[in-house]
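As a starting point, one isolated chain is supplied in structure tokens, in the form predicted alone.
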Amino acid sequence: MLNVENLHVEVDGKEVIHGVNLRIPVGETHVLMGPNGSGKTTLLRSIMGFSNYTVTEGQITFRGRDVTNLPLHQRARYGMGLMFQRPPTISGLKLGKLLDVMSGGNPTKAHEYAEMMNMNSFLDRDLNANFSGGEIKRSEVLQLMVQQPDFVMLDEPESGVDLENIVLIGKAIAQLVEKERHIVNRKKSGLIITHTGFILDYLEADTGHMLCNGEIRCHGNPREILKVIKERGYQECIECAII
């Protein structure tokens, strides 16, 4: 699904990602962990193709196609989708209108997903205007459900969300990456940034990665990596990788 090779990324003239290698097969969901400021959001936005994230070296391949220099909208058309950590408020754009456009002429399906995410009462409201943290995350997941991307990237889906919303969001994400199917029958993949690991209570991740100072320092079982981080901090992962 996704292959990132020796990726170097600059933001405002400063290199933030230093030679990242990452491979996510079809049907797998990976989680990305790391301290604040380590480059996790930069990595996701670079994969998605945001214009102010400049790839200076390396390659991003999506479903066998080199997308390194393609614009964001083209990557979305090819099947990439991103959930923002802090999405913007867009005055004048109704959530329902956005979903209707994204649905490709099937607004009934969009409204079914809205009901599933308890967002029906938000369809006539401006996008993210006065939404709570949980409402914003539900709206973001709802948009991905309507878009139905093959590759889903989620930036801290549990951040600022209460327990009731985490359950709903977790189940919806599991549906997005087809966790109800046997792995050999899955067609979708995912990459999820998590600080707390709470999202792992609602979907099983296949592989975990620890990113520090713009470099991936550790790969392995996500629950084992999270356990080490909780008990000993990120420095233990860094020292282990160096050894």
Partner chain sequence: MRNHIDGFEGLSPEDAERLEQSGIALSSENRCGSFFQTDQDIRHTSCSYEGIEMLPTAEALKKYDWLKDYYWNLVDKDKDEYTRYVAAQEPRGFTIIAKKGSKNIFPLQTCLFMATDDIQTVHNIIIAEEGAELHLITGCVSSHSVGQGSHYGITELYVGKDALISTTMIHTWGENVTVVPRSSARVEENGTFLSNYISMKPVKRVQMYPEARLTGENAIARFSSVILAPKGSELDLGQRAILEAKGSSAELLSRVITRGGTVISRSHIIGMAEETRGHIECNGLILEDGIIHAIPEIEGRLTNTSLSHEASVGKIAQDEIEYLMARGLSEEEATATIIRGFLDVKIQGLPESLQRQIDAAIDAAEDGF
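Residue numbers count along the first chain shown, from 1. Computed from a predicted structure; not experimentally measured.
We do not show the form predicted in complex with its partner chain, though everything after this point is about it.
Undergrad: State yes or no: in the predicted complex, is some non-hydrogen atom of Lys109 no more than 4.5 angstroms from a non-hydrogen atom of its partner chain?
TA: So Lys109 does not count as contacting its partner chain.
Undergrad: Is Lys171 a contact residue for its partner chain in the predicted complex, using a 4.5 Å heavy atom cut-off?
TA: Lys171: no contact with its partner chain in the predicted complex.
Undergrad: Asn165 versus its partner chain, in the predicted complex: is there a non-hydrogen atom within 4.5 Å?
TA: Taking the distances in the predicted complex, the answer for Asn165 is no, it never comes within 4.5 Å of its partner chain.
Undergrad: Is it the case that Ala114, even though its partner is missing from this view, gets within 4.5 Å of its partner chain in the predicted complex, heavy atoms only?
TA: Contact with its partner chain, no.
Undergrad: For the three residues Met48, Leu72 and Leu93, verify that every one has a non-hydrogen atom within 4.5 Å of its partner chain in the predicted complex; reply yes or no.
TA: Yes, each of Met48, Leu72 and Leu93 comes within 4.5 Å of its partner chain in the predicted complex.
Undergrad: Going through 128 to 166, which residues have a heavy atom within 4.5 Å of its partner chain in the predicted complex? Please give them in sequence order.
TA: Asn128, Glu140, Gln143, Leu144, Gln147, in sequence order.
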